[in-house]
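Shown next as structure tokens: one chain only, the form predicted on its own.
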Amino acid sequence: MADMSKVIDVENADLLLTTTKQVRKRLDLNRPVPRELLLECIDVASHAPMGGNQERNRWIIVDDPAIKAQITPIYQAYGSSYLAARSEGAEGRQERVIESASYLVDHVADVPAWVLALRLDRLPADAENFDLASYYGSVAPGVWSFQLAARARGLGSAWTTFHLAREQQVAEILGIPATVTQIALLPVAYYTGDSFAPAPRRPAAEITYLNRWKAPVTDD
């Protein structure tokens, strides 16, 4: 069996994984994003793990200004109120996150391309956690893979869900059948600058337990 550590450049892989962030402010709003580049990212995303290896995920690229103009008020109405409610008392890093998210809400119509992640079928309203985890667990890896592939190609993106407050209305605009579930809307653009660094995070040993809840994974 081949030693994959000799095939994959671990240092570059770790750099990609630790510096792919939700990009909200550092997006080039004036440079078009080629559809072919987005399709490349979706091709990569299609190789992400999915339940039963069933290809039930679907994607919609939206780059028509007229269509974005119809969805933008829906997105902004909920996004603005949501962020305003959470801005009270926010400090430090959380305050900066809300500020950047607010910027994206204000400028979402200007982002050259949106990519919507969808999944066929809908869960019942009373779905158990097992069903929820299985269903969304088959979509999230693909969306993250899309974002990683985009980052590798000089594109920034952000996983957003504000449009889901009016999912049915958005579905009518885009012609999405009632049997399809919208998962996320990713504004995608070339990012400006290239100084992304890993975000501060707690060490693995502080957030990982061994065999039982709260049992330390180290002997320290």
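In this text, residue numbers run from 1 along the sequence as written. These numbers were taken from a predicted model, which means no experiment stands behind them.
Just so it is clear, the following notes concern the form predicted in complex with a small molecule, a form of the same protein that is not shown.
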message = Gln22 versus the small molecule, in the predicted complex: is there a non-hydrogen atom within 4.5 Å?
response = yes
key: 4.5 Å heavy atom contact, Asn57 to the small molecule in the predicted complex   = no
key: Interface membership of Arg202, the small molecule in the predicted complex, 4.5 Å heavy atom rule   = no
ask   = Given that the partner is absent here, does Ile74 sit within 4.5 Å of the small molecule in the predicted complex, heavy atoms only?
value = no
key: Answer range among 153 to 161, 168 to 176, 62 to 70, 35 to 43 for contact with the small molecule, defined in the predicted complex as heavy atoms within 4.5 Å   = 153 to 161
key: Triple contact flag Arg93, Val97 and Ala101 to the small molecule in the predicted complex, non-hydrogen atom at 4.5 angstroms   = yes
